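In structure tokens, the next block holds one chain alone, the form predicted on its own.
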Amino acid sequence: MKRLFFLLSLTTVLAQAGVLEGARCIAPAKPGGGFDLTCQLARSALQEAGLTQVPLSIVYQPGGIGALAFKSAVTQRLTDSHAIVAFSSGSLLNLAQGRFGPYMSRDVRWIASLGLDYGVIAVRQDAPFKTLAQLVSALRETPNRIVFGAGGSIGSQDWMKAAMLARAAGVSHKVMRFVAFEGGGEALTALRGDHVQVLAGDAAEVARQIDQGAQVRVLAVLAAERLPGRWTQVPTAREQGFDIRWPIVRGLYVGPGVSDRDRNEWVDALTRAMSHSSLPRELARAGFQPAWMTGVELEALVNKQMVEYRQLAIEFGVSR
């Protein structure tokens, strides 16, 4: 009788778990970057809300700064309702430029935006630049001596941040020195090793590295106004005289063949998780600002950013 009761209880738990049972989050880069943080936030939020018996597993799938994971979602995991994939505004930028092959934003099912991140310009703690103006001045005078490091190749969102800073200095993006890495984690490692002099990265990634002991100085946050918390003492590029802004949406999607029922189950579970009282703490741990969106609101944001990024790609001549 006890065994029967146990089996019935287990069956009930599995039935209730649905898409969360054995679920995994695909981070389209190596550990340590923004995709990783997005998956970690989803995992911790679901756990804190008591929605998962087993923690959401994180699977790393680097390749083309999201291109491989996107293609896999469309061609291999198209009906896999147990796999959610992390995306960012950088993913949308690559889609807008045609860097994900023949695929478009409509080829996957967008689940939710979990939070908002922002670009930053950072240097080593012992760098001679104390302000963004000093860096811009040096870039203007000797552009060949300053090497930018970032996650992603030419045309990626980190490259765009560097190119916009170079433009502010009156330097062509075509002569800007730039080293591409597979994700922000690798770029930060290169900065720490003095292999590059400037990092065009993301606030959440840099904050995590600083917490782990990285001797990094953030010269500017690329937001419209100063961010709260740990960033209150860091000026924006805008207030230093350079109107460079780069907000980064961080969220999740599933394959195009996932059913409405399973997609809605993910949305419902994440909605409950992201409305839990622990959310402010979990967002702070991830380094994100609140930006919960789903449904029509998220679709509208994706479409809006795609239009803006296509225009930006034309301006810098990086469309395919």
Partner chain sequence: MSWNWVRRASIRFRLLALLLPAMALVTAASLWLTRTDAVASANAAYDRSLLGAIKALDLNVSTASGGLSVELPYRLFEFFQLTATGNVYFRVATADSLVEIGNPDLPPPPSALRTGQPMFYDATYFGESVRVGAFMRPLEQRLNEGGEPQLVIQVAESTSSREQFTASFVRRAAVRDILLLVLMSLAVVMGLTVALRPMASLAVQTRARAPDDLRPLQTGDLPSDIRPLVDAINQQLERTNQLMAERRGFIDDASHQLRTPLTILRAQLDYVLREPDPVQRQLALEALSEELGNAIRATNQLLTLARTDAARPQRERFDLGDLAREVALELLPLARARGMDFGVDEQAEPLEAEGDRGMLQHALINIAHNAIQHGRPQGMVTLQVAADPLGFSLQVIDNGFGIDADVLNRLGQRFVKSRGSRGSGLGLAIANSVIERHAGRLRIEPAQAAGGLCVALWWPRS
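Numbering follows the first chain given and starts at 1. All of these numbers come straight from a predicted model, not from anything done at the bench.
Same protein, other form: the form predicted in complex with its partner chain, not shown, and the subject of what follows.
Visitor: With a 4.5 Å heavy atom cut-off, would you call A220 a contact of its partner chain in the model of the complex?
Guide: Although its partner chain is absent here, A220 would stay clear of it in the model of the complex, with no heavy atoms inside 4.5 Å.
Visitor: Even though the partner isn't displayed, in the model of the complex is A180 close enough to its partner chain, meaning a heavy atom within 4.5 Å?
Guide: Taking the distances in the model of the complex, the answer for A180 is yes, it comes within 4.5 Å of its partner chain.
Visitor: At the 4.5 Å heavy atom threshold, is V175 in contact with its partner chain in the model of the complex?
Guide: V175: contacts its partner chain in the model of the complex.
Visitor: Using the partner position in the model of the complex, report whether W292 sits within 4.5 Å of its partner chain, counting heavy atoms only.
Guide: Output for W292 is no: heavy atoms all beyond 4.5 Å of its partner chain.
Visitor: Are all three residues S137, W231 and Q240 in contact with its partner chain in the model of the complex, where contact means a non-hydrogen atom within 4.5 Å?
Guide: So, no: the whole triplet misses its partner chain.
Visitor: In the model of the complex, which of the stretches 123-131, 200-208, 220-228, 101-109 has residues with heavy atoms within 4.5 Å of its partner chain?
Guide: Heavy-atom contact with the partner occurs in 101-109.
Visitor: To verify the annotation, which of these, P280, G257, G63, P55, has a non-hydrogen atom within 4.5 Å of its partner chain in the model of the complex?
Guide: It is G63.
Visitor: Its partner chain isn't shown here, but in the model of the complex which of V216, A190, I244, V171 has a heavy atom within 4.5 Å of it?
Guide: Selected residue: A190.
Visitor: At 4.5 Å, heavy atom to heavy atom, what parts of 195-215 sit next to its partner chain in the model of the complex? List them in sequence order, or say none.
Guide: Only H195 sits within 4.5 Å of the partner.
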